[in-house]
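So this first bit is one chain, no partners, the form predicted alone, shown in structure tokens.
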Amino acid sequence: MTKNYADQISLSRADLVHLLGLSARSAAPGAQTSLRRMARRYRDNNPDVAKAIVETLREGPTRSVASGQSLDAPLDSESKLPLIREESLTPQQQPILDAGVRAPLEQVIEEHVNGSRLLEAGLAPTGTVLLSGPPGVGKTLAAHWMAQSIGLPLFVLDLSAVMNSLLGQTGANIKRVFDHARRTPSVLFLDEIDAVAKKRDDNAEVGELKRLVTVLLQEIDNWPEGSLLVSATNHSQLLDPALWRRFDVILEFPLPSLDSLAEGAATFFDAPMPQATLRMIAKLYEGETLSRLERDVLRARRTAALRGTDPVQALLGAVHDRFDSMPVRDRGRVAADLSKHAGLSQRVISELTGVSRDTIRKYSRAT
């Protein structure tokens, strides 16, 4: 009798899809994750149910959230400051990254864009990414690019608001931030995560600060499938060892290569530029970050616009002391390249580089 009753109340596919859609659009924390787990559970034994779940998730709430419908940000109970902010995302070019960093990031993006394919295979997309490297190498830009490419809202943890004067409240603030981000598919960006996740064997830290690390680890463990948690640090040596194990992908952002610097120069000048000039600028900025190069190029463009001069000449004039650190032979080759391709007179090049005009002519003939 029980079996017959169960047969009588079996759901039609339309009713099932409707119920699944209500669940997918629910603001309840974990709704999306539960549906994803159900899809994997039924993939072999009840493929029709699994397919219905996948289809529902494919048309889930991501698009409506990304179009501007967001929930009120959680507030610190003492200061009433927002603990999290939603960044405005506009279409942008790919950040200038070396291939060893760009390829893994592109795969994470592809996993989330085509998440239904992974779900049909019983897999989940990468959920947590840690970006490590010195300031100015593109970690924050990469987080923005990933969120924009995936089509998810980007929530940024405001550490200045989270770190409450009452240390016990700081842990509660972190929980509020994660609860907020879990309520809808999103990218949560934790910049300078080392500020709240330092090694717990540091005797200089008080017990409450060490407990913050435990809170953070627990929240990362409960991060839902389908959302993306991106953390960044300038001081990876300060991070608690247990934190490293919580991330699916860990990427070390190096200082840009000469090719990346040349690509950056071409982008920042926003004008056709001879390759020889771009290579020369890259050589001058070897060992520097792209953010430093961008800052100097924009300043040079402003100077050139105000004075009616060439922007490359303005840049070289601002950083002419960099030529002094170059080997004499390299300096001569750079001067010859400038003479041939940059459209500058030998007199100007000589003043910028400190290479005599006779030497410039000698290297020009040799090349």
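As the structure is a prediction and not an experimental result, all values here were calculated from the model. In case it trips you up, residue 1 is the first one in the sequence shown, and so on.
Only in words, not in the display: the form predicted in complex with a small molecule, which the text now covers.
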Review point. Could you tell me if Gly122 has a non-hydrogen atom within 4.5 Å of the small molecule in the predicted bound form?
Key: no
Exercise for review: Please run the contact check for Asn222 against the small molecule in the predicted bound form: heavy atoms, 4.5 angstroms, yes or no?
Suggested key: no
Exercise for review: Check whether Thr140 has any heavy atom within 4.5 Å of a heavy atom of the small molecule in the predicted bound form, and answer yes or no.
Suggested key: yes
Review point. Is Gln94 close enough to touch the small molecule in the predicted bound form, meaning at least one heavy atom pair within 4.5 Å?
Key: yes
**Study point:** Residue (of Glu86, Asp240, Glu288, Glu294) lying close to the small molecule in the predicted bound form, criterion heavy atoms within 4.5 Å
**Key:** Glu294
Check your understanding: the small molecule isn't shown here, but in the predicted bound form which of Pro82, Pro104, Gly136, Gly151 has a heavy atom within 4.5 Å of it?
Key -> Gly136
Review point. Tell me which of 223-231, 209-217, 127-135, 175-183 has residues with heavy atoms within 4.5 angstroms of the small molecule in the predicted bound form?
Key: 127-135
